[in-house]
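Each of two forms of one protein chain follows alone as structure tokens, named structure 1 and structure 2.
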Structure 1
Amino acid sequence: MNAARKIGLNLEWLSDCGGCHVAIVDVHEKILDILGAVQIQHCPVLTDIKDYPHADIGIVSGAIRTEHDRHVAQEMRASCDKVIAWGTCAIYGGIPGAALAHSREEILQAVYTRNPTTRTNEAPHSQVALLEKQVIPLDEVIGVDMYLPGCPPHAAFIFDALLALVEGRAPKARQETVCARCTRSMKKSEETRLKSNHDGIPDPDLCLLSQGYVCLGSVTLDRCLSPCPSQGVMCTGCAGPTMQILTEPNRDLRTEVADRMSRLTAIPREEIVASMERSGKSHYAYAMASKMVGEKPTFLIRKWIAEVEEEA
């Protein structure tokens, strides 16, 4: 080959939805530039290369849910010089990680043995990989060199990350929150009521917190360019928490949001905290499987979920 050596790329997806791979295609026309600079090798969704050739870079999306996922993760680590944890599931467990509060048996019951439209009465038990006890983020199983959160990360971040790899520089890892690109203005209001997503029609210019909507934009890393609050939908934290929340034991989604929201509205801080605990499974869905969130001393997600389910 006379041209400059292409960068070898292996890609894999573990327990996730595949959206992080579709998002790569969503760099649209620029995909052709990238294809010109890299050699895509193992990538089950695109190529027919079944083994794991040596690669400069490995992109792994998805968390570890089964023993098979663990094995594949190890294959990627062994074959790739650098491994990138790609997307929220790989980094924090993502939505599959919201199974944290449930045992493997409970999951198998819900899907197979106590499922309303399933007439058989057994769970699969031969030829399938056993479930791990919990959903495990990638870096608890293999070493990870870089992280790109997002559910999925917006194409702008993906393109920069891939370009950085091609150019041999560090990607621009901005630390802004979703608020940074949100066009709404934070104003003090007299709002007294906490609202759900479907509750009324939000004012298009005013911060959702000011209007009583529990938007997680201020505690969520921007890897999305803020589409949700811009369209009138609360941020649900899909790119995972900010570094501050991850690294400081006394900071947490509910305390940070409650502090901010109680200053912006007439809703008492304690009421907001209590409401977010009751809805803990929704608010912490994306990152609860991560030790950085799950092992905070005040994070009692199993208790909160159990209480909500008992009341049902």
Structure 2
Amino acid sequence: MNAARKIGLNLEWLSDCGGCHVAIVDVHEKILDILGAVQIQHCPVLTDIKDYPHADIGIVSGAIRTEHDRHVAQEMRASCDKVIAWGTCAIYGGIPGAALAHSREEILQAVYTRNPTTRTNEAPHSQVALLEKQVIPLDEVIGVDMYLPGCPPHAAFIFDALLALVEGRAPKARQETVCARCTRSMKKSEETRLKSNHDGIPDPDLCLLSQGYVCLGSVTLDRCLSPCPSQGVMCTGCAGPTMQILTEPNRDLRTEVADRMSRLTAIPREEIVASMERSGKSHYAYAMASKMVGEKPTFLIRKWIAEVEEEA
């Protein structure tokens, strides 16, 4: 590639909140180092260009939720030499992927026909894009060249990823967990009770697992620099599971966390597992649409929901 020529860049978002694109400005003045080398051609929040001109790099955030999402993803793939799956929704399905816990029909009924604030007896068929059968990550529809998870990715990882593409090198991101950057100490405690975030203020120096709080930091990829546990907030897994969780069919979020937590406290492993199953839609919200999680033989989200509903 001629160094004097600016790199063509197309950006697009599918089913997500748009936060991953907004997060680009978190790079602050460093973005000038990137903008000086790229030419933004298609970007919904910056341009009114409807077509997809040829680009060296395409950045796509969001999951495939509708027929329109599928069409846009295919247009981006056809027009871009390299495509980046940008953010957790594009890579794992993200929060939209939590729809895996319900059928398409259940969702449409809840939003339209059984919703007291909706004045319709049937779901729309022509005014809005039709829903896919279920939410799926971007790479189940098109080929992806680079993955940058996070909800949104931290500015440090964004800058390095974009600069790496401009410079033609591999990003520096590693496979560390959120725990790798957490400053808390893992110590054995005599805690016997599972706690929620409203149960007081955690000890600022002790691992949250040791205190009885279910924190997913040990099973979550670090693309955030660990701000939540460092400030006393349990990690919810927004950057997606570690490769160990994804690639081992019998390793799961709840069983791995329960193993560690039961060794650090006096809380029985089975009690921790059961508690995480009761809140399965929360603990698995970011990654359940990915086949590597949603199709694990240990992942039984609908069974867990049914059991919770029976208890209610």
Partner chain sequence: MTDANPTGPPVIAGQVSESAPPAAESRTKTAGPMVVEVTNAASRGSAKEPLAGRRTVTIDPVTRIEGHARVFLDLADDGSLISAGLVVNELRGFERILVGMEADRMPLITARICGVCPSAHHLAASKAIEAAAGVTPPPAAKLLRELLYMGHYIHSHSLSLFVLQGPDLILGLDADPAIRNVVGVVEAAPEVAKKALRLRTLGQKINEMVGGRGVHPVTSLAGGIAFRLDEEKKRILTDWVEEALALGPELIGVARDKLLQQVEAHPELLRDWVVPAWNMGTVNDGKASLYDGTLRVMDEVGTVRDEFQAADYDRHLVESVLDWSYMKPVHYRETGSGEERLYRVGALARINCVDSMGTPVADQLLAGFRRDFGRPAHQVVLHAYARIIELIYAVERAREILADPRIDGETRAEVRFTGGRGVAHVEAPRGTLIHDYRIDERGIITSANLIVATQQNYACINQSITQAAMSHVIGRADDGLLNAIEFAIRCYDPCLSCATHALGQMPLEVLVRQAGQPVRSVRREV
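Throughout, residue numbering runs from 1 along the sequence of structure 1. Here, rigid core means the biggest group of C-alpha atoms that superpose within 1.5 Å across both forms. Because the structure is predicted, anything quoted here is derived from the model rather than measured.
Student: Is the form predicted on its own structure 1 or structure 2?
Tutor: Note: form predicted on its own is structure 2; the other is not.
Student: Kindly check if the Cα atom of L108 is displaced 2 angstroms or more between structure 1 and structure 2 relative to the superposed rigid core.
Tutor: Yes; L108 is a residue whose C-alpha shifts (by 2 Å or more) between structure 1 and structure 2 when the cores are overlaid.
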